[in-house]
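To begin, one chain is listed below as structure tokens, in the form predicted alone.
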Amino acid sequence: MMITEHKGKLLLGTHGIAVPHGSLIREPNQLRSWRNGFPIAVKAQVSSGGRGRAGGVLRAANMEEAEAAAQRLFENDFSGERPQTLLVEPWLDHAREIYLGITVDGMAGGYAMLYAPAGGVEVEQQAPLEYPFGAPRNFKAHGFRRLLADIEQDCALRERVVALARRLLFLATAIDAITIEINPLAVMPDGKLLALDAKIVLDEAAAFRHAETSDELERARKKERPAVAKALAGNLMMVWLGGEVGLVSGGAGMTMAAMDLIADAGLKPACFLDCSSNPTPAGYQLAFKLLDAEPEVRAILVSIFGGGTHMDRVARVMGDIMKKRRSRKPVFFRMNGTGRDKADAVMREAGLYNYPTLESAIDAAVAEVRTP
């Protein structure tokens, strides 16, 4: 779960990381109370990335420009979310922008620290320096410092970055963060570092340890599309995308592969729907119920690969679901893995067809959707 910049900066501040002094507003006329001078930055507070490129941060040289900027931001959507609040901060002159972040790294068995000598909206085009260290106790200041020395000649800057990295690590472990990014991290004229932005993604699975996170997650789910909220409540992972081909899949990787192939075929997937966290008859029934109720979904693709799961058992579940379905939306199956041969026989008995490849199943779904 990504939290807003304002909340992220409050967390940074509690761990001694310097941030600009700002104010949160809920309507443009609240700007009249601003007393810290101009120019200012007016920033949409949304829980999604890419805000800068989407015009979610505006500069205002005076009160008239500030109120116009605030009105514009309140009326705009950013990744489908309309901001309820705006953060107002001084527009600060700084000598340089850099990037510093920490993220969970499965290969390292814990965390990795990330650094780039140039921050801002184009940071994705760089290959950041990575310091994978795993468990928090394995973070070594001298190890990170040695890596920084290859790209940063300023010894004082290196020491400030190392010190700030330690604080990020303490914060990440305290709040169970998956990712914390400071981009840009401003190098001020006096050499001090100031976090001009904060992107923090919290681990939803750890919400039970943090009352505030749990409450925030509950509020976020209440704002979701009804189908998404019902999926999450049923322990299915769903992200709505608004396309024509509904997807019932097992495993995030398999789901992403199917989505990519649907897009390559010229259509848009209706959703990311991963049933691997609830691969039960009730879980699959819920997935079909949700997709059948969405009018824009014109076909459904079932893409499941069974390792420990036996495909013949899944095939029996699918046969039972198909018998009880009232929807006439066509369903295209690609189920492979353990027990595939038995699954094919079970599906034939149920009058269903298991396509030999994922590509052929998608081609059939695309042809159905494109048929007038």
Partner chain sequence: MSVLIDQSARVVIQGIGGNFGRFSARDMVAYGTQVVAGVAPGRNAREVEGVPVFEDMRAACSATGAQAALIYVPAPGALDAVLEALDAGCRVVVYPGDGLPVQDAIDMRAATHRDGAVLIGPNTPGVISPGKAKLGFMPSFCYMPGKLGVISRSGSLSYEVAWRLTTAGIGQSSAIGIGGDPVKGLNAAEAIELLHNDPDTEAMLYLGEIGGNEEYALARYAARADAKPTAALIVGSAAPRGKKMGHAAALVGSQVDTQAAKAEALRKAGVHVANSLRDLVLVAQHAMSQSEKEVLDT
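What we label the rigid core is the largest C-alpha set whose atoms superpose within 1.5 Å from one form to the other. Positions refer to the first chain, counted from 1. Just so it is clear, the structure is predicted and the values come from calculations on it, not from any experiment.
Note that the form predicted in complex with its partner chain isn't included here; everything after this is about it.
K.L.:
Of the listed stretches (286-294, 68-76, 232-240, 186-194), which one has a non-hydrogen atom within 4.5 Å of its partner chain in the predicted bound form?
P.N.:
Of the stretches listed, the one contacting the partner is 232-240.
K.L.:
Consider the chain as shown here, without its partner, and state which of E152, E244, E89, D105 has a heavy atom within 4.5 Å of its partner chain in the predicted bound form.
P.N.:
Going through each option in turn, the one that passes is D105.
K.L.:
Pick from P117, P136, G143, P281: which has a non-hydrogen atom within 4.5 Å of its partner chain in the predicted bound form?
P.N.:
By the 4.5 Å criterion, the partner-contacting residue is P136.
K.L.:
Kindly indicate whether T173, D264 and G306 are, all three, within 4.5 angstroms of its partner chain in the predicted bound form, using heavy atoms.
P.N.:
Verified in the predicted bound form; spot residues all in contact, yes.
K.L.:
Using the partner position in the predicted bound form, report whether T338 sits within 4.5 Å of its partner chain, counting heavy atoms only.
P.N.:
Yes, T338 lies within 4.5 Å of its partner chain in the predicted bound form.
K.L.:
How about F272 - does it come within 4.5 Å of its partner chain in the predicted bound form, if we only consider non-hydrogen atoms?
P.N.:
Residue-level check for F272: yes, a contact with its partner chain.
K.L.:
So in the predicted bound form, is its partner chain close enough to M256 to count as touching (4.5 Å, heavy atoms)?
P.N.:
Although its partner chain is absent here, M256 would touch it in the predicted bound form, with heavy atoms inside 4.5 Å.
K.L.:
Against its partner chain in the predicted bound form, would G109 count as a contact residue? Criterion: heavy atoms within 4.5 Å.
P.N.:
Taking the distances in the predicted bound form, the answer for G109 is yes, it comes within 4.5 Å of its partner chain.
K.L.:
Any CA movement of 2 Å or more for F305 between this form and the one not shown, core superposed?
P.N.:
Yes, F305 moves 2 Å or more.
K.L.:
For G243, does the CA position differ by 2 Å or more between this form and the one not shown when the superposition is done on the rigid core?
P.N.:
Where the cores coincide, G243 still shows a C-alpha shift between this form and the one not shown that is 2 Å or more.
K.L.:
Establish whether a shift of 2 Å or more occurs at the C-alpha of A149 between this form and the one not shown, with the two forms superposed on the rigid core.
P.N.:
Not so; A149 is displaced by less than 2 Å.
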